[in-house]
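Shown below, as structure tokens, is a lone chain in the form predicted alone; questions about how it binds or moves come after it.
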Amino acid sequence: MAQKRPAEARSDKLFYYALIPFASTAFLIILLTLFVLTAKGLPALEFYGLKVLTSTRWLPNEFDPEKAVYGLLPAIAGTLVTAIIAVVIALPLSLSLTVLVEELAPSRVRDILSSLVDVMAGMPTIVYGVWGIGFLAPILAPIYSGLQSTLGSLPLFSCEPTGGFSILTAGLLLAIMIIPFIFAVVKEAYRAIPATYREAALSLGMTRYEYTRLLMGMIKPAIIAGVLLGFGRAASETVAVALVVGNAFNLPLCIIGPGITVSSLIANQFGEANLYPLMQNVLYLGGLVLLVLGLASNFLGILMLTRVRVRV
């Protein structure tokens, strides 16, 4: 094999070093965001202590910050619960859609379904939120009343529903929104399975169910990665959730009642936060919690995807 001439090697190095600043931009933006949120959020943590993360009350005081009570626990818990509901609903739908597109649907139907999922991923979140207000919440309102009357003895359905705006509505809407992301991860991993494995499975006389189950078992890390990435996407959603979650400062002990998430709390309170001492700092601290949660879930998801590439 011919070796590169010194001039070519020098130009390659120059090209490589010239791209480093551009490739580092995303990393620097994340570091800058983390720095700003930390710098803005630490004063609230220093003033109120850990109770700002564990308190369940939100009582601003315009004049005296010592009399104000800011608790992020209901918002953090609401974020986790809505994201978990979204993942639990979206995962089986995404897996079923993957099997349908990759194994069962004719080529034309496959292309149409894939295009529709791509359109779902690219739709503005405000469209989902408006659809949730005008269609999803009104449909779910009588269903919640029925659940409360029949399953009211269970804590999850014990509260009196206030229309269709609730933790569960937000979770259902988020599930619809994250299906394209989980589907994309699982589909790419499913397609990457070598054809020899598929042929070997079919040659053993496996049924369609056994064959699909075997292939899905081979991409378990990709499925976990899709769940983690979908969880991070659901936890960070703001506009759509703020429109349907109800924005009540309650712990999400009852999923058919209104609640709040960190992102919806920031969206609703930040406009007037400058009128109250340290409220902005508390909201920045909530944003920091959300950023750390998103970075952790995405990092773990990317790590699982790396395992898939190595295995397949």
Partner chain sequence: MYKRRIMKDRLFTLAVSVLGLLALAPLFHIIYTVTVRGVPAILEAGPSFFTEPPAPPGSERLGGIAPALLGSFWLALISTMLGIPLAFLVGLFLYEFKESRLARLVRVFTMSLLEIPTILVGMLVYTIVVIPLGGFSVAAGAIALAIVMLPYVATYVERALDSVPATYREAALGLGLSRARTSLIIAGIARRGVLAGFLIGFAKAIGETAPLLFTVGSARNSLNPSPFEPGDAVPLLVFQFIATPYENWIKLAWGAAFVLTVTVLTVFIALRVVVREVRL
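Just so we're clear, the structure is a prediction, and the values are computed from it rather than from any experiment. Residue numbers count along the first chain shown, from 1.
The same protein also exists as the form predicted together with the partner chain; that form is not shown, yet it is the one meant from here on.
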{"query": "Stretch in contact, per heavy atom within 4.5 angstroms of the partner chain in the model of the complex, of 80-88, 233-241, 67-75, 145-153", "finding": "233-241"}
{"query": "Contact of residue 26 with the partner chain in the model of the complex (heavy atom, 4.5 Å)", "finding": "yes"}
{"query": "Exercise: residue 50 in contact with the partner chain in the model of the complex, heavy atom 4.5 Å", "finding": "no"}
{"query": "Contact label in the model of the complex: residue 287 to the partner chain, heavy atom within 4.5 Å", "finding": "yes"}
{"query": "Distance check, residue 248 to the partner chain in the model of the complex, heavy atom within 4.5 Å", "finding": "no"}
{"query": "30, 134 and 283 all contacting the partner chain in the model of the complex, non-hydrogen atom within 4.5 Å", "finding": "yes"}
{"query": "224, 140, 179, 159 - the one with a heavy atom within 4.5 Å of the partner chain in the model of the complex", "finding": "179"}
{"query": "Within 4.5 Å of the partner chain in the model of the complex: residues from 266-284 (heavy atom criterion)", "finding": "266, 267, 270, 271, 274, 280, 283, 284"}
